[in-house]
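Only one chain is shown below, in structure tokens, and it's the form predicted on its own.
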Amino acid sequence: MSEQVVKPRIRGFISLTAHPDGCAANVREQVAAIDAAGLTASGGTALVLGSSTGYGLASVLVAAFGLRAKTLGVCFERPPEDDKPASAGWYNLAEARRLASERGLTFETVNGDAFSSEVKEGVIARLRAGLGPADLVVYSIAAPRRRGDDGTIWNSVLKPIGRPYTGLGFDLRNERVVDSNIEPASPEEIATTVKVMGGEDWTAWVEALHAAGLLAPGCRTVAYSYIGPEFTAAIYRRGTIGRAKEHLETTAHQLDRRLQEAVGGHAWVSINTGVVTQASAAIPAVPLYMSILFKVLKERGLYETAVDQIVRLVRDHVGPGVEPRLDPERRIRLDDREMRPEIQQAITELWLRARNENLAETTDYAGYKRDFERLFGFGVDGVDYDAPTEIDRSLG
């Protein structure tokens, strides 16, 4: 037993602590939403790469509790150690495993570097031991760096391409609208960002599973991407991250052809809408944009959480027997609400007005901040943050 009082230590877009009970409550809330959605249980096996937070967590929960699939997730999280709490993703998956056990569901996790051959081999061994072959493979890895098996390290960078970025940003540490200026990326930085966040590792996973005979007939695989508005395009879609996402989308076309030939399967990229994540919080213009986006969507009854979107993804696009609706570039568009012309027009009007003195009027920054704190299990209703709690929780 290792009980302690866990207090938030959030600095800007980084949290040094996570609350086990708050993370557990978040997971229970998402599972309740999945239960209410009434998805048709199809069984099978789902492999979710990057399963501990955000869209990856939503995906592993929908697969397990919605589809009732045998589910294997891969994450790279910090376990509890002595008097130090684990990372939020660790606690998320610990609670998911506990809930799955209560319901008699198969829910397993491999904690390690998904880029490595060692983890790929470990996952293949787990699938061979009785879980696989995989009917659904979700690629939801968003990492700042990648280590090759030979020790080479590639780092991703968040920079514009071709010219400096100058525009509005948001300083989360001081909670202020600021002017941001970022120098353009070098050719090497562009290449390393694609290496980390493009489609190369997704391809490696699919090829490894195919070579091991662990892609079920008709296997479907999906990876996640984002486009966003013109406000963030210079730093995101037309920047280094966007270049990596373009590579990811090209990879989807190549994998789709291979899967059709190999197992009668398919590969797609899903363009998701903006949600609060630790990664997106680091992008200068994104916290301000999302604060305005949330305000506009909530006022019109169009707001969706990550789990709402993944329920929609499975129900309408990638679930068994469902044919996805694709845009001309063969992408699934879960950002259809965000990108409606009338929504973007309303956002533009607020963006032009948003300043420090009128944030409460022009944005839903209060909602953005609440969601950000909840990523780490803080600010959750019903949790006693003054009471000691057990920090040593198992992934199983």
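One rule holds for the numbers: they count along the sequence shown, beginning at 1. All figures in this text were calculated on a predicted structure; none of them were measured in a lab.
In what follows, reference is made to the form predicted in complex with nicotinamide-adenine-dinucleotide (NAD), a form of this protein that is not presented.
The stretch in contact with nicotinamide-adenine-dinucleotide (NAD) in the model of the complex, judged by heavy atoms within 4.5 Å, is 105-113, chosen from 105-113, 252-260, 149-157, 169-177. Annotation: in the model of the complex, residues 53, 75 and 142 each come within 4.5 Å of nicotinamide-adenine-dinucleotide (NAD) through at least one heavy atom. Only one of the listed residues (268, 231, 226, 303) places a non-hydrogen atom within 4.5 angstroms of nicotinamide-adenine-dinucleotide (NAD) in the model of the complex, and that residue is 226.
Of the listed positions (222, 161, 275, 285), a single one reaches within 4.5 angstroms of nicotinamide-adenine-dinucleotide (NAD) by any non-hydrogen atom in the model of the complex, namely 275. The closest non-hydrogen atom of residue 236 lies within 4.5 Å of nicotinamide-adenine-dinucleotide (NAD) in the model of the complex. Shown alone here, residue 290 lies within 4.5 Å of nicotinamide-adenine-dinucleotide (NAD) in the model of the complex, counting heavy atoms only.
Not displayed here, nicotinamide-adenine-dinucleotide (NAD) is kept clear of residue 208 by more than 4.5 Å at the level of heavy atoms in the model of the complex. None of the heavy atoms of residue 195 is located within 4.5 Å of nicotinamide-adenine-dinucleotide (NAD) in the model of the complex.
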